[in-house]
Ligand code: ADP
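Only one chain is shown below, in structure tokens, and it's the form predicted on its own.
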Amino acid sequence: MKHLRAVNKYFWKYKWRLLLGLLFVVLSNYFRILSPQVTGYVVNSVEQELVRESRATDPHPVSSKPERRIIRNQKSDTANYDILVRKFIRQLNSTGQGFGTKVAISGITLLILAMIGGAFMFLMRQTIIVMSRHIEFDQKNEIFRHYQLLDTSFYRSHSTGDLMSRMAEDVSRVRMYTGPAIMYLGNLLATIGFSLYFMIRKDALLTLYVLAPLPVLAVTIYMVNNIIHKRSERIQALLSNLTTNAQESYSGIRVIKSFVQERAMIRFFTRNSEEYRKNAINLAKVEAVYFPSMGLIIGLSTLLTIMLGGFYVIRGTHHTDLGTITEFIIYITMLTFPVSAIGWVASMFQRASASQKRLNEFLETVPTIQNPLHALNQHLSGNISFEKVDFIYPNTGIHAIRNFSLKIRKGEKIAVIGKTGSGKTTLAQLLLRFYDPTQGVVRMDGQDIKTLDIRNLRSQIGYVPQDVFLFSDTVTGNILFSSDQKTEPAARKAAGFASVDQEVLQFSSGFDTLIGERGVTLSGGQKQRISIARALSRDHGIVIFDDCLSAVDSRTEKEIINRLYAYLQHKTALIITHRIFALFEFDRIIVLDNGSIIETGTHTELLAMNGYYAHLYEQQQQTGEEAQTRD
């Protein structure tokens, strides 16, 4: 239960709704608890009327001993009734109404009490349940905001399906605690409290007898709830795995179909689903035995009420009358749902605790990358320097960058070339501060980027990632994702720089065409160019291209390079690639291998070295000639 303390701040935020809701719970049960007393009065009145009629028809009755005891207890003892019921009875008796009129008025009174109790029950739900919806809204937004703050390393070690499961399923279970569980707990305590109070006032010994089975109920609840708690945690973990499995299958459906692995994925999902089903059924079996057991215990209490109360009436002891028995039966009936709901409420508490524990694991995760206390907001001109930078990925231990030093002046166009795994993409992620160097310093305009405001830093850098991601939105929406302008002309201008504007115009709805999830409706080259257009939609002083032309043909590549050259005038550009762009006049070309610089210079200088760059260029030329021969 300690995990649920994290929700207390929401209870404090909506304290007036909570307090009003609990007040309505008490009032609803207060007016409901008056009904058994009015009913008991009516039953005793009927008994008295029958005795009078019996005496009127037989002036010389021969009363047996049991009958005399019944007659002695005919007069209803109203002293133990609620003050409102006592006033009602006194008022009714003082009017001198006939027996039929009294019964009719009592019936109308019971109807009015039921309506008042129902009205307060409506208000109870409108306050507590609505409060729980507000808390659910706030909690989901808190979790989503925290997800946005977590750094890249967190997402490398956690699956999307698990993140979604925690926000959807776990928050839903916590809502059951903040709403229904609190409401039913308050209702349970109020009903039991009022019932026990008036039962003990009426007949303490009979109350003790009829409620004797309840300690058995308490022990049963304690034992079963431990089982429910453990199995609920297991079920939540399995559901998270199931969600992850489904999410990955949907995202990778093209890969699954291309390798004809539908059946294998179905078998995998079925196996996970079967394990979830077995655990859920086992939990259902526990609950299936538990709730009927509650009904059995309540039934025993009702049986004891009728049996013991009947003996008292027949023998004329304990001042018990038929009205008292009727009241106790109604009290027991009213207690049936609250008592049987103890296990249900406890189960909701346990499940909510298990879910909140899972949520707290993420909410208590502190982002590795954080803004400094006095972050600097400054305009970046484009001077960049890496000073003896080393970087090791925290999750895998891969040493991606080794003793790397490089200075880039404002307006320079730098190409970073190297084979896969040489550390090219890591440089881009360090510049954007997705990670901090393990050793060394990265500076912008002479300032350590750790001292700069993260949002301000990233907003001044245009970035085209290697792994293209497009949202399920229109072409315009994707291109202008970070731009203040949301007009088609602005999107068309950026698309023109990326040489994709004419193709977009041929789509069914042009720039208003809806792109499928992750750009599934587009070709690889189109996705890359729209991603480039997105980075060029704002006037960034620094632009980073991370292997963003791998899916386009050579003709389109030349066209894009020509347009980019015009766009990148007076801007600092870092172009990461595994291919050589001989047509682009780079100020310097950096060749990486195993996280270190092995060659640096211009295109001509590197060819003259006859090293790795020259070898790579020769291979690329041969590949191009072979492709032209095949064409």
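All residue numbers are counted from 1 along the displayed sequence. What you see is a predicted model; the values in this text were computed from it and never measured.
This next part talks about the form predicted in complex with this ligand, which is not shown.
- The closest heavy atom approach of Thr426 to this ligand in the predicted complex falls within 4.5 Å.
- Residue contact with this ligand in the predicted complex: Ser422 places a heavy atom within 4.5 Å of it.
- Interface membership of Asn395, defined by any non-hydrogen atom within 4.5 Å of this ligand in the predicted complex, is confirmed.
- At the 4.5 Å threshold, heavy atoms of Arg156 reach this ligand in the predicted complex.
- Contact with this ligand in the predicted complex, defined as any heavy atom within 4.5 Å, is confined among 230-238, 199-207, 398-406, 180-188 to 398-406.
- With the partner omitted here, the residue from Phe349, Tyr435, Tyr290, Phe386 that has a non-hydrogen atom within 4.5 angstroms of this ligand in the predicted complex is Tyr435.
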